[in-house]
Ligand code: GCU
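One chain comes next, on its own, written as structure tokens: the form predicted on its own.
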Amino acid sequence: MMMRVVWVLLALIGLLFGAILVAFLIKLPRVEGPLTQAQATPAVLAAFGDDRAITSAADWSARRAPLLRAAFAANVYGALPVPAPVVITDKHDIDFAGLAGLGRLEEWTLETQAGDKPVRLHLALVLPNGKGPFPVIVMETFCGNSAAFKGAVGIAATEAQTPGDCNNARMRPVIQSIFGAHIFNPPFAEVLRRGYAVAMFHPGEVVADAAGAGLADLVEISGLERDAPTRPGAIAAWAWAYSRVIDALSGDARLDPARQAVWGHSRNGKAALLAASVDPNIDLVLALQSGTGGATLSRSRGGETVAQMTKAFPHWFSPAFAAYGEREQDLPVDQHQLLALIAPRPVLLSAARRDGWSDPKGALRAAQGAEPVYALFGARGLQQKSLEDPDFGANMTLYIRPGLHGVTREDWANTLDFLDVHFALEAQPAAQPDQQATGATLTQQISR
């Protein structure tokens, strides 16, 4: 009798959730139609403050790029922590069967310093079978390795605050139904078959993704009060972490130092773009639905505003950026200039039709605004005129898919196709199962 009551309650909860989800989907705006808003300003090669217009790639690199990086630090992100040496204090194999016999899992412990804060990162490295050198996709997770690799024997619990649903098995199907089939796990078998390594870590081990704990971490890192205009935000610290992980991986002969990509969704996409704008060792960027403060123009009239975002997440950006809420037109920089700082390296951006909050049209206008710098370097920058015609052969492209804010099979298919083009992988036979591999499934929790 009791079991029947439990099942009835679960069914009612499921029906209620389904009704709420349907209502939510109906109300979400669709992203359709032509671009109707003004183009990105100021023009990326025009005079900037006292700096005259740019006419050559050399002038861009020597004069304009340093000015823009300083302007983003002063007005949006705060300064990244100073680069610091990274020491690998532990490296061991993990017993994990979720790779379908196509590769192996290692966990590394990295120690470094972010300002005044000692940092310990637990890095999960998934490697294809064989010797390499393999191109690597560096990813920031939302829940840490113990939640990401459920069932893995001996994997470390994250030393950071994580969302309560990270280890809630009952909530995972619900979250997956909203945020996509791969919100919990990249398709590792496909990634490995196509010859890529994956390095995953939890950025909360640098700065917690929570206002109270995150602001306390940022005060420790910077030595500044939490409301100081120049106090860095978590996005800056998470961008810094991408670079420290790449530093640690650079000494491994199994990985190709000339084919290192950073991948991030949502807030982690913001960090991935910022990391590439300051770190030339990043060879390619995959930023999915990064929204305001990422690939989308701050001055756009669509999607989440600066005021809304900085109020909801006061730890993500510097207080200086929050001060531009409701007066974005006064910002001296906008995100097309951030994208331009990555040129001529390849960048893939993504959008979803039901994710108007991330303002896909604003992201396309930002990519269009960055294109003259790609042309300046002789690279094939953005070619498309709308969201509907991505060109994966271009060094800057943006695609739109059906659905919501999340990570789907289509997102990973596009990720791998873009990587294949720009990392020029030669055709190779599928990796053979490794008799030593064992498994589980990768799960990766996310909040918007």
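What you see is a predicted model; the values in this text were computed from it and never measured. Sequential numbering from 1, following the sequence displayed.
We do not show the form predicted together with this ligand, though everything after this point is about it.
Taking 270, 357 and 405 as the candidate spot, are all three within 4.5 angstroms of this ligand in the predicted bound form by heavy atoms? All of them do, each having a heavy atom within 4.5 Å of the partner.
Considering this ligand in the predicted bound form, find the one stretch among 196-204, 272-280, 147-155, 304-312 with heavy atoms no farther than 4.5 Å from it. Correct option: 304-312.
So in the predicted bound form, does any heavy atom of residue 290 sit within 4.5 Å of this ligand? Judged by the heavy-atom cut-off of 4.5 Å, residue 290 is in contact with this ligand in the predicted bound form.
At the 4.5 Å heavy atom threshold, is residue 142 in contact with this ligand in the predicted bound form? Judged by the heavy-atom cut-off of 4.5 Å, residue 142 is in contact with this ligand in the predicted bound form.
Any of the heavy atoms of residue 266 lying within 4.5 Å of this ligand in the predicted bound form? Heavy-atom contact with this ligand at 4.5 Å: present for residue 266.
My question is simply whether residue 316 lines the interface with this ligand in the predicted bound form - judged by any non-hydrogen atom within 4.5 Å. Because a heavy atom of residue 316 falls inside 4.5 Å of this ligand in the predicted bound form, the answer is yes.
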